[in-house]
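Okay, so here's just one chain, in structure tokens, the form predicted alone.
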């Protein structure tokens, strides 16, 4: 059962990464990047049966979320300066 969940998370991560790369509008890329980060976190948590894996997955998710928020904040500032 774990392998099935791992495969689903991996497929979602690859799909979201492809959509983020192929999307031309930068603002529309962010939801795909967020989905990819959640899926990668799931893959990290499921791939290794060790308690420290959960710490690594949590660190990745927190870092990725902070990165996405920084990108969105910078985009909003640029949008505000242009208008």
Partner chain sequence: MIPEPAYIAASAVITLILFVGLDLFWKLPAHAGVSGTETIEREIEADGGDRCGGWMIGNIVTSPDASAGTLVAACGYWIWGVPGGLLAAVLIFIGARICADKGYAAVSGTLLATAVFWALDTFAGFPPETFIAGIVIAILIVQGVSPKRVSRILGKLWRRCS
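For clarity, every value in this text was computed on a predicted model and none was experimentally measured. Positions refer to the first chain, counted from 1.
There is another form of this protein, the form predicted together with its partner chain, and it is not shown here; the text below is about that form.
Novice: In the model of the complex, is there a heavy atom of its partner chain that lies within 4.5 Å of any heavy atom of residue 22, even though the partner is absent here?
Specialist: No.
Novice: Is residue 81 part of the interface with its partner chain in the model of the complex - any heavy atom within 4.5 Å?
Specialist: Taking the distances in the model of the complex, the answer for residue 81 is no, it never comes within 4.5 Å of its partner chain.
Novice: Is there a heavy atom of residue 62 no more than 4.5 Å from a heavy atom of its partner chain in the model of the complex?
Specialist: Output for residue 62 is yes: heavy atoms within 4.5 Å of its partner chain.
Novice: Within a 4.5 Å heavy atom cut-off, is residue 18 in contact with its partner chain in the model of the complex?
Specialist: Flag for residue 18 set to no.
Novice: Quick one: which residues from 1-33 get a non-hydrogen atom within 4.5 Å of its partner chain in the model of the complex?
Specialist: 1, 2, 4, 5, 8, 9, 12, 15, 19, 25, 27, 28, 30, 31, 32, in sequence order.
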